[in-house]
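A single chain comes next, written as structure tokens; it is the form predicted on its own.
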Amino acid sequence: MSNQTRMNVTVTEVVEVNSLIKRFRFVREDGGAMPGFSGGAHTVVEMDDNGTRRLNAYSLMSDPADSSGYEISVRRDDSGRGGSLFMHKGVKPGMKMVISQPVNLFGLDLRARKHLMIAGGIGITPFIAQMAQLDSLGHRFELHYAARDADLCAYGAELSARYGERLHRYYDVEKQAIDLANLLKTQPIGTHLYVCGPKGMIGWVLSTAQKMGWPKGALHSEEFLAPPVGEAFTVQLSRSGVSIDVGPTQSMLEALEAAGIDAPYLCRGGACGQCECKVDAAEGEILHYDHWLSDDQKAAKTHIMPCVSRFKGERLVIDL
């Protein structure tokens, strides 16, 4: 995170939404207004996790019209690398933190005649900001929101109270499911489709829409992947000849940054392509976890996404 994009903030609220999710509110340390953003934007939160520097991206869920602060929600992952546990256990009101200015990779297309939104689990968060924006503009929209049960349907009751029949909830434990084919078939021409949630849901929604003839330009999705844990490995940088060790719970991007390498990024979740690197040599297996590279690129072992992908083998050299 460059100094130009860093913001010093204070945590003013930490709210337990349910057994897995907490909401955090940040305001600028200097008391100034937050930079403007549009629905679908995210911010990158910097953490010092027991000496390991982590930068995780989270969707902004606060009203874009509210310049007094930003709000995010974080789902706890007990088997992850530790970032969500740090947020849940270590972040308290009054704490000073550093976040990035907002970036939007999941923006609304305001030319659409209608916006159809499909959310799964914590994937609800970008839609909260998007619906507030669309409501203020008087645009047509509806949201279909699937969760395990009512308790884990974060913000469901509040959103239903605010948006009424424009919001539909489905609970897995009650065997409720979105009738996707019928839903897509009955939309007016000019509708844009947005989906955010688990990988399986995103794939199901997009593939169904494509098979039904929805134009590619009307399909929008977002899935930030948390960098997975794995075996430690070493990566060599071809331009400098420097070798960098990547720890088991550390992403390659984090290891590069810890070594003082100014590597590019936007989402840190395998979605935007900004950190893509050319592979000069790979004697072993590249573990691709992104959804940016094509299958052919992955099979050819010619490119890698340092934000989420790993390596298992004798030698990895990248063009940095």
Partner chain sequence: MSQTQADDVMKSRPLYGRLVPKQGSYHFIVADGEGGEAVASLLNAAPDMKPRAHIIYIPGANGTDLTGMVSGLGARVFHPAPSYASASQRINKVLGDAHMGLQLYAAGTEGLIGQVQRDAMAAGLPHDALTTEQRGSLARRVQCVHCKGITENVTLDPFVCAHCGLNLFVRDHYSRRLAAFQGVCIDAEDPGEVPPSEERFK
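Keep in mind that this is a model prediction, so the values were computed, not measured. Numbering follows the first chain given and starts at 1.
The following text describes the form predicted together with the partner chain, which does not appear among the structures shown.
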| item | value |
| --- | --- |
| Which of 246 to 254, 87 to 95, 72 to 80, 183 to 191 lines the interface with the partner chain in the predicted bound form (heavy atom within 4.5 Å) | 183 to 191 |
| Non-hydrogen atom contact G138 with the partner chain in the predicted bound form at 4.5 angstroms | no |
| In the predicted bound form, A157 touching the partner chain (heavy atom, 4.5 Å) | no |
| Y171 within 4.5 Å of the partner chain in the predicted bound form, heavy atoms | no |
| W204, heavy atom within 4.5 angstroms of the partner chain in the predicted bound form | no |
| Option touching the partner chain, based on a heavy atom within 4.5 Å in the predicted bound form, out of M212, A177, A161, A150 | M212 |
| Those residues of 81 to 105 which, in the predicted bound form, come within 4.5 Å of the partner chain by heavy atom | none |
